[in-house]
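Here you get one chain, nothing else, as structure tokens; it is the form predicted alone.
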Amino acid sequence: MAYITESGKKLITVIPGDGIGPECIESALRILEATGAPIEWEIRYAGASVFKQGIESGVPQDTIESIRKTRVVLKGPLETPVGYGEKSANVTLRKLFETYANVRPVREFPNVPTPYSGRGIDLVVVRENVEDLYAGIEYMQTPDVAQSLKIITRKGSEKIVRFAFELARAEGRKKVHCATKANIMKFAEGMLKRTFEEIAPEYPDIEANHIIVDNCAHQLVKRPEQFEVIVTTNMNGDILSDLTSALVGGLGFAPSANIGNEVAIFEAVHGSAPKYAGKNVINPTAVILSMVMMLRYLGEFEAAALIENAVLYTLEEGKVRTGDVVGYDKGAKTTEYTDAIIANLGKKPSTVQVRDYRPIQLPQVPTDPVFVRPQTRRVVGVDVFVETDLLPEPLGHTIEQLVAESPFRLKMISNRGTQVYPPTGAITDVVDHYRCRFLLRDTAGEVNDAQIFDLVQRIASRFRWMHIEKLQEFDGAMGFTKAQGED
């Protein structure tokens, strides 16, 4: 897993980052050096300075090569400056190395007052990290209608679900909640729910619960101590994990890891906060605890516990706290806080404990691109999306005339997901983006591509079209949803 240097130490890639990043990384590395842990590092760069060099990804080749070699990264926050680069360098790094699991632990910290102090919050959000809306596949369908594709795969769902259960075992946790919006997005979010329910019986030692994500957010505010591990999709996880960090003191105390089967990237959740850069006032705890997660990933459990105990002891003692906790006019300098943690190495807090950790068993999921192989499949129709300023009824009548001599019949037309033709009696507003659903007149038949091409040509003789979707059945089950109001 780790690259071993000639001196017998484990080599990591360190990316200082932008804004406050270098100060936080310097703090963490000073503490790491003080432990004597067998770790060496090489400095590489990404983010703002790289974008300004004209490298659009924000990640230069020598950084990529370093990560390929070391397989482990400790990273400061990266900035995507306005006017430079098109993609987030953070997201680019996660995707380049298939770090599919984003892990964000939150726990109550001594002497960090919040409305939840004394509740014993100690949970982990496990967020799928490369799929969902964050695939970034977007299109302008019409001049005023945008589309973003939500991609959820069976393979991606299995990897993140197995990871969540394995993390629970490694950390001695007994409950995993799967948070989805499967009640609305029955295929996409439902994919994670179904995968979770299929895999959960393989972990009989862990209680498995599904929860609707909005209820999960409600319960996190109402009674957060009921949760131990929450596994969820990418966007849900992004939102929930920021919520959970606010329960325990804010982003200054929020570490994270991006873990794949080949590479792991450890970073604070917070951003580059340029207005605080160079002022020696920032709280480096999130980066320090991200480094603690890195040490456990590398199997350096003793050094990890040494540092985490020193952080907790320093906070419990309460003599040295940063400005985000006590106010920037009287908070300790970043360097003073770092010095205090180094001085407290070897000490343990009396009011809180560090968990016993075991090595996590990363899930081994087959690499075959085809993860689900149905026994039967059939194309039963097609949805054609058109742009027009017509209202639903004249549009419907026109479309029916265009396909009168074709093998298809117009089943319905929807607008923003609601059936508007044939009329249902509902009162709906419409935009210039319609979905026209066609089924074969011969219900026992199967649609072929030539029929679809002919259908599209008929529609194109009168309307702009921008998108088609085949309506498929897999093993006799519909692979498409109905519009609101569709029978």
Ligand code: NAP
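Values in this document were obtained by computation on a predicted structure and should not be read as measured data. One rule holds for the numbers: they count along the sequence shown, beginning at 1.
Another form exists, predicted together with this ligand; not displayed. Remarks below refer to it.
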Choose one stretch from 247 to 255, 115 to 123, 192 to 200, 148 to 156: the one whose residues place a heavy atom within 4.5 angstroms of this ligand in the predicted complex.
247 to 255
Among the candidate residues L74, V161, V103, I282, which is the single one with a non-hydrogen atom no more than 4.5 Å from this ligand in the predicted complex?
I282
Which residue, R321, H270, R296, H177, is the contact with this ligand in the predicted complex, using a 4.5 Å heavy atom cutoff?
H270
May I ask whether R169, L220 and T232 each come within 4.5 Å of this ligand in the predicted complex, counting any non-hydrogen atom?
no
Taking heavy atoms only, is E79 within 4.5 angstroms of this ligand in the predicted complex?
yes
Given that the partner is absent here, does P392 sit within 4.5 Å of this ligand in the predicted complex, heavy atoms only?
no
Within 4.5 Å, heavy atoms only: does F301 come near this ligand in the predicted complex?
no
Would you check, heavy atoms only and a 4.5 Å threshold, whether I20 touches this ligand in the predicted complex?
yes
